[in-house]
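Only one chain is shown below, in structure tokens, and it's the form predicted on its own.
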């Protein structure tokens, strides 16, 4: 009996410290010297005694928030707090592959005497982002011809010739030839039906004017007609509305003891600029964490034997820092809104399927 009692006491003693760390296990990803711990979501119902992890709408609404950190016409950075990694990743994948845009689908080459092969030229043209609001167009039926409600027609017609005013001694192609560099600015919009009236205030065409398509020499020409349709990145990368869409967890850096002098200087050098600052206290430089958000989590500090035990590196599990860079087709804030709509539609479709199954 005494042996059994002793064993139970030892097991209770071993369990007690771990229970103190439950909050850390639930809410923090810890970056160690030889690995990363607490990477899996564990706050599901019944996993921790004394914790009610049953999903609740009111609790979610209280904890969930979106904070816009930076926004301009091409990029956006925002914090999404209070959600699981599965939802954050679903949101990222929707941004990449399921928000529709307009892109070139059919390329009719009537003349191409340049050195660029037809298929290579068509591929280059297809990847040029087109400035047109996809919300104003319908998906095209592949069995029918394009119309003003589902197709945008563009034309590229250009011919290279010699510049009669060029100097005889010049060897610069920019001076010797006219139209020898074909850029995306040479692509012109050809309205179909009533598109000229409907999109009178829109400037339909390539997002950027300086995308190089081909180089020509005197006598070479391009005569091409392109049809743009609505599609999603899941079908082809040319329809993807973002140059990049990514997220990272918010870094958390905790100093476990006071770090002074030369040691503080070295600690500052281990992190990205702006993360650690030195504060002058009675003539002594003391390290303090200023902005852990700027850290790239390189774990450089763990290489120093005298520093690795004075700092604790972690990440907040439910705080996602999103970076969205648009290709220019739609503003990044509009893309985020459209991605949320797509996610909501997916959820509604799933609920409808459940209802129909229950009724059957």
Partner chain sequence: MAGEGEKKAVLEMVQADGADEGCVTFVLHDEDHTLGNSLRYMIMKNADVEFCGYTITHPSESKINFRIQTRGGIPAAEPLRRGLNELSDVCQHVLNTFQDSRGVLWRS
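Residue numbers count along the first chain shown, from 1. All values derive from a computational prediction rather than experimental measurement. Here, rigid core means the biggest group of C-alpha atoms that superpose within 1.5 Å across both forms.
In what follows, reference is made to the form predicted in complex with the partner chain, a form of this protein that is not presented.
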{"property": "Among the candidates 226, 222, 259, 76, the residue which, in the model of the complex, approaches the partner chain to within 4.5 Å (heavy atoms)", "result": "76"}
{"property": "Single option in 264, 216, 94, 187 placed near the partner chain in the model of the complex, where near means a heavy atom within 4.5 Å", "result": "94"}
{"property": "Interface segment, criterion being heavy atoms within 4.5 Å of the partner chain in the model of the complex, picked from 195 to 203, 68 to 76, 109 to 117, 236 to 244", "result": "68 to 76"}
{"property": "Residue 178, heavy atom within 4.5 angstroms of the partner chain in the model of the complex", "result": "no"}
{"property": "Exercise: residue 51 in contact with the partner chain in the model of the complex, heavy atom 4.5 Å", "result": "no"}
{"property": "Contact flag, residue 281 vs the partner chain in the model of the complex, heavy atom cut 4.5 Å", "result": "no"}
{"property": "Residue 25, heavy atom within 4.5 angstroms of the partner chain in the model of the complex", "result": "no"}
{"property": "Output flag, 34, 248 and 253 jointly within 4.5 Å of the partner chain in the model of the complex, heavy atom basis", "result": "no"}
{"property": "Contacts with the partner chain in the model of the complex - residues in 86 to 124 whose heavy atoms fall within 4.5 Å", "result": "86, 87, 90, 91, 93, 94, 98"}
{"property": "CA of residue 337, rigid core aligned, shift of 2 Å or more between this form and the one not shown", "result": "no"}
